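The chain below stands alone and is given as structure tokens, in the form predicted alone.
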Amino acid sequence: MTAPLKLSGYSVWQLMELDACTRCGECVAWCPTFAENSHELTHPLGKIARLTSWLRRRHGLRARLCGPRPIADGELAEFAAGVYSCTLCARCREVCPVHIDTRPLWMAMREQLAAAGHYPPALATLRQNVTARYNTAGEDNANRLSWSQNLPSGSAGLAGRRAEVVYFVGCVSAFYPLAYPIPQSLVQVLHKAGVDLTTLGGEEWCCGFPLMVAGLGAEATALARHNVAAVRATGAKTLVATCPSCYHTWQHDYPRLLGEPLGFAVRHATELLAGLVDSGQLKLGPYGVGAVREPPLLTYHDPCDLGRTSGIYEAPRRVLQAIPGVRFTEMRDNRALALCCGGGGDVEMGDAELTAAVARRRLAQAQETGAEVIVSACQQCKRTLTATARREKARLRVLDVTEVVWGAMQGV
């Protein structure tokens, strides 16, 4: 089977990057999943070396003179196991001495493997859920506002109206109760700050990111068209997302998929909150826990799709450090070299144990700091790190920036 080895699956630049790899191995030590599973085809050097070898077998000079040599299904299956063990965290790109843009390269590999039917079976269910029910959970999409039922006013006024800002909630925050406090907090924060806000309600469809990173992105354009039309109908000038993956998809992928500007700004929630802090619209008081509300020591975990993929490092830190009396410390690996939580790249769907192992390593770094709270800006990071902290019986809370900000607004 040779479908994933067609040269058309890679840009000219990516083919040059494959050839540019110096085989120095610098990336190997920085790969979070290879550190846990020791699968040679998980780390970047292994993937590039194997693909380059196959391309020569199929398209090199010897192949042209003597005919291409076949690649067995077993070889492809082994390769797919490594490619789909990658969380797409892009840490390898940060340390590559020749600056190979690795993440798009891994996604191109997945696209061709998926075209040949070599991908984790769980991703077939994902595709069915997203294309038929418009969310990753496979739930009735009309229930996208379930998280709002515990708000003082319920879901009243949260959808079906025109507004200056539309909040794209995302599948995880809409359908997984552990993440409900994130949209609940953001909505209350923005309402208290006087921001004119609405959501798409049941008209919000999955952004398509989970399909794109699975190598199954052919259906993403239809999702993009629907979502963009729904936002334009609200008259909103700004779309805000708490999910870094949704944010990156709207900001970078949708204009490319549609071939036109969106017509409105796209901002991550931490960018919006930082702007409100700077303008004085956000009034923050001390943030504390317990009866005496002593300020806990906070540490911040950089989500891969917000930091390395989208370049947003300082906005969440500015928001946290604007809280009066805040106590803040950094983990050993932070910003561009931050360790992945393990929850990215659809890895959890195919290998939950690998995700848990990567998360344990990040949790250990947080414990090294002595922090009492891990703050992040991603609902998937919150889910992954919370589950790990519970399994490890770690005395650490995991919160989103929006939750900390809402806590700091109480009594102000």
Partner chain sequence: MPRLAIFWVLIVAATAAFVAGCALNASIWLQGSVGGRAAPGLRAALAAGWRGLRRVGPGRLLRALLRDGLWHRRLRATDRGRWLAHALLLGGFLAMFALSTLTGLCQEVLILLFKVRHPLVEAIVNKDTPVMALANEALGVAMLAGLALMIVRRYVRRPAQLRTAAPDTALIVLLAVTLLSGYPTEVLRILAERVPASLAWYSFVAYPLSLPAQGLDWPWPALHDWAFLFHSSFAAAFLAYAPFSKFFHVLVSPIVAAANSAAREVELA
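Residue numbers count along the first chain shown, from 1. Every value quoted in this text rests on a predicted model; they were computed, and no experiment measured them.
One more form of this protein, predicted together with the partner chain, exists but is not displayed; see below.
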In the predicted bound form, segment of 304-312, 206-214, 134-142, 173-181 with a heavy atom within 4.5 Å of the partner chain: 304-312
Contact test, all of 15, 34 and 56, partner the partner chain in the predicted bound form, heavy atom 4.5 Å: yes
Close approach of residue 392 to the partner chain in the predicted bound form, 4.5 Å, heavy atom: no
Contact flag, residue 60 vs the partner chain in the predicted bound form, heavy atom cut 4.5 Å: yes
Contact of residue 98 with the partner chain in the predicted bound form (heavy atom, 4.5 Å): yes
Partner proximity in the predicted bound form: residue 43 to the partner chain, non-hydrogen atom cutoff 4.5 Å: yes
Stretch 15-43: residues contacting the partner chain in the predicted bound form, 4.5 Å heavy atom cut-off: 15, 16, 17, 19, 20, 21, 22, 23, 24, 25, 26, 28, 29, 34, 40, 43
